[in-house]
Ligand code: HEM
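Encoded as structure tokens, the following chain is the form predicted on its own, with no partner shown.
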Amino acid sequence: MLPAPPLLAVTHADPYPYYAALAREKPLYRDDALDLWIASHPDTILAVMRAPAARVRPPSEPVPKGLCGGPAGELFGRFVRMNDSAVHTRLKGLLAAFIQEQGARACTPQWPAMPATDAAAVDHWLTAAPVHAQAAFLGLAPALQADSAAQIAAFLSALPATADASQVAAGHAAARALQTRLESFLLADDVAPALRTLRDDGARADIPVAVLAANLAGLLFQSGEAGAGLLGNTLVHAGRRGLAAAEASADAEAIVGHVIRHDPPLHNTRRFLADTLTVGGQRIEAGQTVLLVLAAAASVQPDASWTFGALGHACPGQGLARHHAASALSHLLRAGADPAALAFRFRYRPLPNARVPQFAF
């Protein structure tokens, strides 16, 4: 049975025929039960993305209410991914340039230890490993890579509206630690050349070091859930293909590319309207929300890497994410993980946007 509505498709065993039909037959429609507009065809998604009225956060709630008044809210509000301010374009360009320059100096992560045959350990590893890889890319020492992964996990746990007081408090503590660490890192005399360039270019663009540091934390943040989905789906695909560990390790880059095209980690995102917008002859009122079904757009354009977004909010670290997932997969297999056994029994975490396998349940 095909999934409906779109939010259920994320965790369906095979939602892709549904996504293809959605893009073909219902490129833009209103779902009253969800109180959402649904955009599923590349043309309608791009039309919404291009509209100045379409924001990445609700205009009345730039930061999740539960985080306001503390370090986690301050950090979240500085993320370039989470705002459409005038600083966005300048900062996005600086981050993209940093990623390109730093790429030649990327370090091998100090991968977290893992009993490869334990499903719960694999689940934890899927979330931690992408953050370790991103922290190594930034140049953080191995001990700080582990700290950063734990702090990003705590920060992520504080984001949902259902987070309890202890989770929110832990999220604030984690945000404070990340902000302090990365500011000190950027200001160090022996900072890496690419980071020095980022700091100097930021000063010339009137972007404070605190904002630059927050967006280095933002690179760690973005690698968490999405990285877990990409690595987990890659592991499942290797298992379904019956690849031996040596084969999968040798072919890791190609497997990651296949998964990005055919079983991507992020299936949808949202835009919140600050003003009335007309798309495809349909009027969407200010205050309404549009669900952009990226996985449906990918059914029309499988090579467009829709899972990484598009236009002004496209992820600047797409190549980095591919490389990190392939490297993590190879390490996981060398550590003794059995992809066929893992692919035989799993489900997807109950998330509305990200498709992340869960092996222990």
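One rule holds for the numbers: they count along the sequence shown, beginning at 1. The structure presented is a predicted model; accordingly, all values stated were derived computationally and were not measured.
Omitted here: the form predicted in complex with protoporphyrin IX containing FE. The next part is about that form.
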property	result
Partner-facing stretch of 168-176, 235-243, 186-194, 84-92, counted where any non-hydrogen atom is within 4.5 angstroms of protoporphyrin IX containing FE in the predicted bound form	84-92
Position in contact with protoporphyrin IX containing FE when the complex is considered in the predicted bound form, options L67, L28, C315, A326, heavy atoms within 4.5 Å	C315
Position in contact with protoporphyrin IX containing FE when the complex is considered in the predicted bound form, options S157, T269, Q110, Q288, heavy atoms within 4.5 Å	T269
Heavy atom distance at most 4.5 Å to protoporphyrin IX containing FE in the predicted bound form, all of V80, L294 and A321	yes
Interface membership of S40, protoporphyrin IX containing FE in the predicted bound form, 4.5 Å heavy atom rule	no
Partner proximity in the predicted bound form: S148 to protoporphyrin IX containing FE, non-hydrogen atom cutoff 4.5 Å	no
I99 within 4.5 Å of protoporphyrin IX containing FE in the predicted bound form, heavy atoms	yes
Heavy atom of A226 within 4.5 Å of protoporphyrin IX containing FE in the predicted bound form	yes
Residues within stretch 191-221 having a non-hydrogen atom within 4.5 Å of protoporphyrin IX containing FE in the predicted bound form	L219
